[in-house]
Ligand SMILES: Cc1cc2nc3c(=O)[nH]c(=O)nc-3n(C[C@H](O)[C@H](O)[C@H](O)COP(=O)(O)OP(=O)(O)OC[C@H]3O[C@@H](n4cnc5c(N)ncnc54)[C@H](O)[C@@H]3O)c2cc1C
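Before any questions on binding or motion, here is one chain by itself as structure tokens, the form predicted alone.
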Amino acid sequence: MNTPVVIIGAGSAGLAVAAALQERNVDCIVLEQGDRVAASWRQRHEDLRLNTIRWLSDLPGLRIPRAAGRWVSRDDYIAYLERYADRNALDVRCTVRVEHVMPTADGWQVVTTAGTYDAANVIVATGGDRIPRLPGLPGLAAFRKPVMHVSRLRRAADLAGRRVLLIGSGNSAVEIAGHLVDHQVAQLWMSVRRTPNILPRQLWGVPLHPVTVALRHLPERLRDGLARSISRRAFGDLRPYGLPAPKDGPFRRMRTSGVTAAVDQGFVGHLTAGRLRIVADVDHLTANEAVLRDGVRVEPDVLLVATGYRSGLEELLGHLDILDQNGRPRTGKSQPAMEGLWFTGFWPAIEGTLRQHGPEARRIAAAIARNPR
């Protein structure tokens, strides 16, 4: 099967670049291993809301409806992506899993469960959080209680009344911790190795997302200073509650480690009210307990881990030597990793990942239209 462009992934980044190509009259198909568009969004927990404001989270050519509110829910965003694919009449082929991507003399060969596609250009839009990363905790194999990555938790309410040990302190951990308390877990311990940078979603009723966008061209040191000042004004000193000030600011940490800031949706209020407890890093597990680095033992009913993700690109592209040590593409935004091989949606940003999809899509589509190969 021959096509000018194959796009892998029918999430927001993949749909955006497909629409941008179509606008330039470049034929493309989108391959999605799920049974519908936005498959990865459908796997997220039902309490999820975007941390980015509605009017800076939509894709080119179609606004998210005002009825979705300031902070769009998971289900409303899925419905929006469905409308986006339908309105643009995108050629999305579902239940097609890509197994290998290989260079050929004329372009690329994409081997899938539905056959092989030959394309001049391939755009990978599968995202950096496709495969949950589990910690290698000593004693994990002997631990008798349920162990669950946060990505597999569909409803925080399912853990109501249970004692939960949550491992992790990134945005996912901070977000789900607030929801767990909202849904009345019996006890919540949060095991923190590295203090997160926590920012309020809004201050005095004013959303901060547009502010971060407006200040994105300032020097990193200045942005970090402003972020620290905002955090102190919003939350005060959290050291008495087990969270000393982070050693580096959110923008520096984003640049050096790829870890984005955590956005507060009630977590800090629960922490300062004593409804959850920060504890030390886990040293090892026994059959029923978690033994912490400081010797404290806790006995949870459920071990919930929020220890990040990996892209899963090694299986598709590891043979091409274009991935870094963390399995992410070693290429700049909207630049080909190799001739005719592109990536989009792999660069998180504190000022909003979703708002980047449109500019990335337009730049990639314009480059392909100029040189269709």
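Because the structure is a prediction, the values reported are computed rather than measured. Note that residue numbering follows the sequence shown and begins at 1.
Below: the form predicted together with the named molecule, not depicted.
Checking 98, 190, 176, 271 against the named molecule in the predicted bound form, a heavy atom within 4.5 Å turns up for just one residue: 98.
Not displayed here, the named molecule is kept clear of residue 249 by more than 4.5 Å at the level of heavy atoms in the predicted bound form. Shown alone here, residue 127 lies within 4.5 Å of the named molecule in the predicted bound form, counting heavy atoms only. Within 4.5 Å of any heavy atom of the named molecule in the predicted bound form lies no heavy atom of residue 333.
Put simply, residue 310 is far from the named molecule in the predicted bound form: not one heavy atom of it is within 4.5 Å. Stretch-level contact analysis of 29 to 37, 60 to 68, 333 to 341, 317 to 325 against the named molecule in the predicted bound form, using heavy atoms and a 4.5 Å limit, identifies 29 to 37. Residues 8, 9, 10, 11, 12, 13, 14 of 6 to 22 are found to place at least one heavy atom within 4.5 Å of the named molecule in the predicted bound form.
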